[in-house]
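Heads up, the chain below is alone and in the form predicted alone; it's given as structure tokens.
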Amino acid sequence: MKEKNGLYIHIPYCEHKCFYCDFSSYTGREDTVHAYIDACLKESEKYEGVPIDTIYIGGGTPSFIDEKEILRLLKGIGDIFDVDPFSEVSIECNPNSVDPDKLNCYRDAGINRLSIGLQTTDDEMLKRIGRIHSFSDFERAVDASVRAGFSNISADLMYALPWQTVLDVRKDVERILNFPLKHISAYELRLERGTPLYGQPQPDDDTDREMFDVILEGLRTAGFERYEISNFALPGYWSKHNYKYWELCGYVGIGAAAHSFMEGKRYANTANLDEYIKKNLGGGSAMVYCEDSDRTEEEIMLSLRTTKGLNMSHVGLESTNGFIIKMVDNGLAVTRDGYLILTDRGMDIHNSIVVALLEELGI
């Protein structure tokens, strides 16, 4: 049986660029949307017949563009790829850029999972980080989504924001748990050079840790399970698409700046919007590099992010290995059925553990 891959489609358009954002996104370029979707469909033709069972439309802000373009995109994808009829189909939305008509169109197009970018419930904080929606916009968006028939709704939270306190995070958790969400992603904000917020003071390490502990405790008490370092879900609602990344499954990336992982090789498209459109519509390729993947290193790094853990036999380890015993004795990991699984304490220092394990293996 052929492995079913994931499909990621990047929509690089935004109404406004957030002050922390260093993703590939563009404002004021709505005049190119139609041509961009044409280019995405043209690129997709290279993968005709490839079996997929998850589709993730990310950005940017996919919900910012006309829903008819999303409908056209998904119809074309359905004609090109071998799409499993039970696929998980997700789209990222901003709270202020969805309405009942748009949501009904998404549902009719086959989208069955929404990922809504909230970040924080504090309106003043939202303004400070460059978001152009309010908490009440999020309330309306979730209500409209439920009314449109969506039951699989995810929301993004950020912590370690400049000016943020532990009390602010506690309030965020209490508020977000009042909504019928099935999945919550909780990301630590890392300010990148070149973004407007770069250089602003953030909470110190101890406060950062306390913030995440508040999130962890609050979500677990409400029945959410932590299945990956930054991701929580009610039972049965893990993100099937994102889990493909952590399990090194194949996925196709369509669009400017999109990445693919197929047959052990990694590919990436140019991030330049005009170049991407021109090359694909001109019959060329916007792919800018191709490299072999170091599967062992990637498997260690990615699998240890999850609560499934690392299959030790894949990397030549046993539970009797001295390094593994030391990790278990120090409360950083457990071993179960041949898997090495990081505890919450271990996940706190995930990067350090990965480096030390690679050194232990001589990689």
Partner chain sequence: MADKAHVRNFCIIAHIDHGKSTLADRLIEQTETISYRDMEDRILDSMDLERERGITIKSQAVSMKYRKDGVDYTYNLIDTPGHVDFNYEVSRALKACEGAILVVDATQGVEAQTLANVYLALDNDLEILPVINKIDLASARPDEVAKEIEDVIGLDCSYAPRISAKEGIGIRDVLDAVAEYLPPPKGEEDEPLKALIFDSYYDNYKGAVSYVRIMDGTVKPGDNILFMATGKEYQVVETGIFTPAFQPISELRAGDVGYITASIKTVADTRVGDTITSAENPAQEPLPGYKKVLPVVFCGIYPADGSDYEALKDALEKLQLNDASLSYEPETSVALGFGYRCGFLGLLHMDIIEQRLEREFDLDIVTTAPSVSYRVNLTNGESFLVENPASMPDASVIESMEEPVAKVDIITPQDYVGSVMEICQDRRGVFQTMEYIEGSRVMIHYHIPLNEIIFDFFDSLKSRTRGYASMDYEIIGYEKSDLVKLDMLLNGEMCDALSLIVHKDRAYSRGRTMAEKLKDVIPRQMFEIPIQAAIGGKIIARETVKALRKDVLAKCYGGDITRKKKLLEKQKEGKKRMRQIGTVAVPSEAFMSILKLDS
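Worth saying up front: this structure is predicted, and the values here are computed from it rather than measured. Positions refer to the first chain, counted from 1.
This protein has a second form, the form predicted together with the partner chain, left out of what is shown; the following refers to that one.
Residue contact check for Phe86: none of its heavy atoms lie within 4.5 Å of the partner chain in the predicted bound form.
Put simply, Tyr187 is close to the partner chain in the predicted bound form: some heavy atom of it is within 4.5 Å. Using a 4.5 Å cutoff between non-hydrogen atoms, Ile132 does not count as a contact of the partner chain in the predicted bound form. Shown alone here, Ala356 lies within 4.5 Å of the partner chain in the predicted bound form, counting heavy atoms only. Contact with the partner chain in the predicted bound form, defined as any heavy atom within 4.5 Å, is confined among 70-78, 167-175, 100-108, 207-215 to 207-215. Of the residues Tyr237, Tyr245, Phe179, Tyr227, just one reaches the partner chain in the predicted bound form with a heavy atom at 4.5 Å or closer; this is Tyr245. Between the partner chain and the residues Leu317, Leu332, Ile37, Val50, the one pair within 4.5 Å by heavy atoms in the predicted bound form involves Leu332. Within 4.5 Å of the partner chain in the predicted bound form, a heavy atom is found for every one of Asp22, Glu92 and Glu297. Contact residues in stretch 242-273 (any heavy atom within 4.5 Å of the partner chain, taken in the predicted bound form) are Tyr245, Trp246, Tyr251, His259, Arg266.
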